[in-house]
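In the form predicted on its own, a lone chain appears below as structure tokens.
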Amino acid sequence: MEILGVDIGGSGIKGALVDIETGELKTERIRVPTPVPSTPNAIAQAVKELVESFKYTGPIGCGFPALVINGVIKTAANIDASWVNVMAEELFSAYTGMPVYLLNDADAAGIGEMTFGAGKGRMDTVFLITIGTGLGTAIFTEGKLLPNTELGHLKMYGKSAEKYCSDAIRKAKDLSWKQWASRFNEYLAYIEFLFSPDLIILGGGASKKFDLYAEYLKANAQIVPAQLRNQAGIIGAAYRAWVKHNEKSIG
């Protein structure tokens, strides 16, 4: 069965049809720029146009860069502040005419990696970090997700960690990969102090460049790149939509 997965990021909105049995993309990934300003109606319209480009009908899984509780947006770090308390699932469903299942974008990437990628079959503590415009996190123990951790906002030097060592900061400050990795290692040490993960999976846009900085990373945990790379969020969102839609149908 093919389900549409959508990954909303700070700079781009990406989508593809996903085979939820294998985790493979069944279409080319389509990417459109995230609207500026990234207001609810502007993003909902962009998602509507993305869905229409696939001529798709059916449930839609959507990863979103914020804390998401019962389909409602609760934070707005890398999107417009007007998103706070918006019932986003209802908004996207109204625009697309389809059932939409929303979750935090890093949680979506984590589900993708745990189901089809680097975390498949792992029952110990797995920590996924998406590295892009910000830092997203997902934690799994015994294969179960602790949702909405949003640990890219841990405080480092008086500001959010993502303001210190995200890929956007690397680019803005023109840091070499070695210089950036030195900053990121401080974040990894913080995470290990708090959670002692056994496996750390690095996803997001920077996962494609893993070979350029892997030698500079230092942690007690095993560190690997996301096998699904920057497609993990699309795949995980689609898979979760399929699960949730089946649960709703049975219920």
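One-based numbering along the sequence shown. This structure is a prediction, so every number in the text was calculated from the model and none was measured.
From this point on, the text means the form predicted together with ligand BGC, which you will not see here.
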Ligand BGC isn't shown here, but in the model of the complex, which of 65-73, 222-230, 22-30, 183-191 has heavy atoms within 4.5 Å of it? 65-73
Do T96 and ligand BGC come within 4.5 Å of each other in the model of the complex, heavy atoms counted? no
With the partner left out of view, is G134 within 4.5 angstroms of ligand BGC in the model of the complex by any non-hydrogen atom? yes
Heavy atom of A106 within 4.5 Å of ligand BGC in the model of the complex: yes
Is E150 part of the interface with ligand BGC in the model of the complex - any heavy atom within 4.5 Å? yes
Considering A77, I139, L175, M156, which brings a non-hydrogen atom within 4.5 Å of ligand BGC in the model of the complex? A77
Within 4.5 Å of ligand BGC in the model of the complex, which residues of 196-223 have a heavy atom? Give them in sequence order, or say none. none
